[in-house]
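Here we start with a single chain on its own, the form predicted on its own, put down as structure tokens.
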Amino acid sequence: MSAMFEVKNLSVQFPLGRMKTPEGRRKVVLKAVDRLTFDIRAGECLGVVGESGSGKSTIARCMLNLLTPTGGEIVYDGKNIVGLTGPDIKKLRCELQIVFQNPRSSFNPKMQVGRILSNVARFYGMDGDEAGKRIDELSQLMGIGRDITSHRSGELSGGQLQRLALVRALIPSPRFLVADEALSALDVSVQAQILDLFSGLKASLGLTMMFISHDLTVTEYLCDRAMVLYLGRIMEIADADALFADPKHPYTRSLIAAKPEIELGKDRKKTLLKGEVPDAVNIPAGCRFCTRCPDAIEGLCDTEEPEMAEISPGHFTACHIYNI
């Protein structure tokens, strides 16, 4: 598959003002994303996993041109879209869409949902009849009746609202869809239904997707490849089957060890993490995972940052274990 996106040395920093230190006052910068390079192939679903604060949502917002990165390039269909303005941005909005975590905060509670969806369709150039037809078509695809759009968001369940959020995202027939923790605010029984919807959309519409989640079981089920982040850096990226069957990075192994086990009686080695994620303002020297890593090599991991290495075809990890 050809690459739809090529992300090169992407960095995002947020200035936090100045802080007093023994050496005097200095500027404080939070490095949300630090020199990331990866691609997303046309037609695939890339899962992005990692603890809170790892940079998952920041990456997604940069790729949708909702946030301007501090450095690097985001190449979409051969064109760098960082800082894109003017008429090109509206075309980009048609092709790149997002479904957010909390569907209740995604809709104006004072407006009927149908009116919200119609306004979206008109923004993308549809007349009244065309908009109604498109909304009916997508509502049917999502398994909801057209009558539901006469309600306000406060009258609907989380599952209904997330289906409507998908309708809204799909109105302009996008090529790329980001699901940013799109299941986490829903009841478990509803999560399974929405997950099946995502799986069906990928197959029926040929969507390219970025699926951001804390739930590794969901990522393993839905995604073609998985990318593991820690403190704004990629720890490992590989085909989902390979990554979950044979994780290489100690951080990935720890995340998978904490994943609920579905098969009863299955013996799985536990490598649970200790300690907390370091402050993103004061990132540790060397490998940023070294302060929690059970396999850290003293004098190496705490002084030198590992480079990303391909340890098997399509399987990349950033760990000194594979470079010595």
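Worth saying up front: this structure is predicted, and the values here are computed from it rather than measured. Sequential numbering from 1, following the sequence displayed.
The protein also exists as the form predicted in complex with a small molecule; that form is not presented, and the subsequent description refers to it.
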property: Contact label in the predicted complex: R134 to the small molecule, heavy atom within 4.5 Å; result: no
property: is_contact(G55, the small molecule) in the predicted complex, heavy atom dist at most 4.5 Å; result: yes
property: 4.5 angstroms heavy atom contact with the small molecule in the predicted complex for D295; result: no
property: Exercise: A32 in contact with the small molecule in the predicted complex, heavy atom 4.5 Å; result: yes
property: Heavy atom contact within 4.5 Å of the small molecule in the predicted complex, the stretch among 39-47, 283-291, 251-259, 24-32; result: 24-32
property: Interface residue in the predicted complex among H214, R168, K202, R175, criterion: non-hydrogen atom within 4.5 angstroms of the small molecule; result: H214
